[in-house]
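Presented below, as structure tokens, is a lone chain in the form predicted alone.
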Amino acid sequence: MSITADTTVIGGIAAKFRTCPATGLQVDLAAERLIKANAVAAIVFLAIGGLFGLLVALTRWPAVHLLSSDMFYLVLTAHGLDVLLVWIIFFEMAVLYFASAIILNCRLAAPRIGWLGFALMLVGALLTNVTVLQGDASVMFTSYVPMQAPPNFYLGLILFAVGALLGCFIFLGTLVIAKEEKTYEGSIPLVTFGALTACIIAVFTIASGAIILIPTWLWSLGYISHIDTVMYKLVWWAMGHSSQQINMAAQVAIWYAIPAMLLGAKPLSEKVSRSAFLMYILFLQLASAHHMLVEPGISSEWKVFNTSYAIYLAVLGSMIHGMSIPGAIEAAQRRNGFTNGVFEWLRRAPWGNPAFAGMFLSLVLFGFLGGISGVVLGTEQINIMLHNTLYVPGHFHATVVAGTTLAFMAITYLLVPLIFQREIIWPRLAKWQPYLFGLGAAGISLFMMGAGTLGVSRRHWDITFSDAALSFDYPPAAFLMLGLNGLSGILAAIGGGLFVVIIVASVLFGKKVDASNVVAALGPTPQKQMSDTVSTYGSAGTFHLPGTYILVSIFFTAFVLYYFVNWKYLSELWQLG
């Protein structure tokens, strides 16, 4: 990609651009630098949080039981903060800048404020991590009142949230600039629309965090004498669970983007896919209700509404995407000539490309593990069996790790050549990395959910109760599940570590990408296809998708069977005749 940059004056404001030979887009250098900074910070915190996660898995494994109780809860707190908030939201800032300034081919709004936001996020993340590692803030990711952490714990989170909020406003401002300067025609592209969905949910999420974290910070300073525990949980989960909905919207946008960039895939229907994103804005964050179903201070009407009518509409949005994305891939592959039989399009997909493999694994694992288990947890009657067991972290490892993290890893394999202008080194290792990480993440999710189904408590340091006055014996299968969880954690750590090493080494030592080797860096994709498909409005124009219909039927069959298996468990628990 061109080393020299051209300065363009638009509306009296000068911005420097370079021309990307892969897409033909004019890349704003200010946006590019912010994408790089946020992506690098994200990967650093992914490495730190992943190491903490490995220590947690090895401690939960009864045969290893690595950490002491004090260290376990300290490390568990740091792990939750770094991988559920810091790594993901740093990366989402990079996604927002990419989906606005780069895809819309325009300058970034207020880059100096973008750097202020980045600095606040970095200082906040470091402050919270240091406070946790000092040993006085082992209050878990949820930090439930009346557990109290030092003031800097809450202050760091507040600073981080303010920085992220600035990034959201810059994204919105960039959309306004692109519209005014007419850098695109018609509606914003679907990928940008998905990023806009993530941004809107993020503003709601951050506002909820401010509403509850600022009073809690003042409480830790001694200026407020009391925080109501039920109110804290209710407002906190409006942030804690809705942060996953930011991830959901961002990862779905990436699911649409990667097939578009690599295969020229278009959604089956732009309007329907956009309607599904709209359902996320209106209903998805209400899924946080499943954390509150056993709280006596909340009305039954509120619980019933959120676990029935609201969740049905949120799930409908995900099911639309779950059919549209593989359908878009099948339509593109058939258009590209893979028309023999029902599944040639799938067999001949670019499975050796880590971007495509990571995206498709993310889609499948999120749907079959995270999606189905999420509906089970969101059903009020079934939730009572699984609430506060290891099933809950098993579920969100399926969503946040097997789903979001794997999707973010996948798009990184395209961002490195496009934004960092470097080839991915060690392509054979890169080809296997998504499979190693995906298999490890799937194992963590399955075995934690298995242990939770057997009754193993969430956040439990020692299921043998070796030092307890009153002991309790879990079934032997629970010990097997946690041992397999430990092995899966090791495999996921290897896959995650391999990703970090490959990306860092590629950025530092990868061959410079220019017009002569862009095909080698990104694959044999027609150069203009990437920008034409990702940055324009359009639908696939066909519903001849026999393979997709079979895949969707398999998913629905698994969904129904597992859902009713849990009702069978419930009937045995209640002993109704």
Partner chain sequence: MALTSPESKVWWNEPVGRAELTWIAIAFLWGVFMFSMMVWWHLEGNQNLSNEVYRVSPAKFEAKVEAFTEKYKVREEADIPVAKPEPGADVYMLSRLWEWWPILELKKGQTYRLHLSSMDWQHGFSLQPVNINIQVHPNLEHVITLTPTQTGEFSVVCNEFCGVGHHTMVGRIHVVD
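Residue numbers count along the first chain shown, from 1. Computed from a predicted structure; not experimentally measured.
Note that the form predicted together with its partner chain isn't included here; everything after this is about it.
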query = Residues in which of 288-296, 336-344, 486-494, 174-182 have heavy atoms within 4.5 Å of its partner chain in the predicted complex?
reply = 288-296
Contact flag, F17 vs its partner chain in the predicted complex, heavy atom cut 4.5 Å = no
query = Does its partner chain come within 4.5 Å of any heavy atom of R348 in the predicted complex?
reply = no
message = Considering non-hydrogen atoms and a 4.5 Å limit, does its partner chain approach I311 in the predicted complex?
response = yes
message = At 4.5 Å between heavy atoms, is H387 in contact with its partner chain in the predicted complex?
response = yes
key: I103, K233 and S324 all contacting its partner chain in the predicted complex, non-hydrogen atom within 4.5 Å   = yes
message = Which residue, L120, I425, C168, V139, is the contact with its partner chain in the predicted complex, using a 4.5 Å heavy atom cutoff?
response = V139
query = Just one of F408, F437, Y154, Y256 has a heavy atom within 4.5 angstroms of its partner chain in the predicted complex, so which one?
reply = Y256
request  = Pull the contact list for 126-158: residues with a heavy atom within 4.5 Å of its partner chain in the predicted complex, in sequence order.
outcome  = S138, V139, M140, Y144, V145, P146, M147
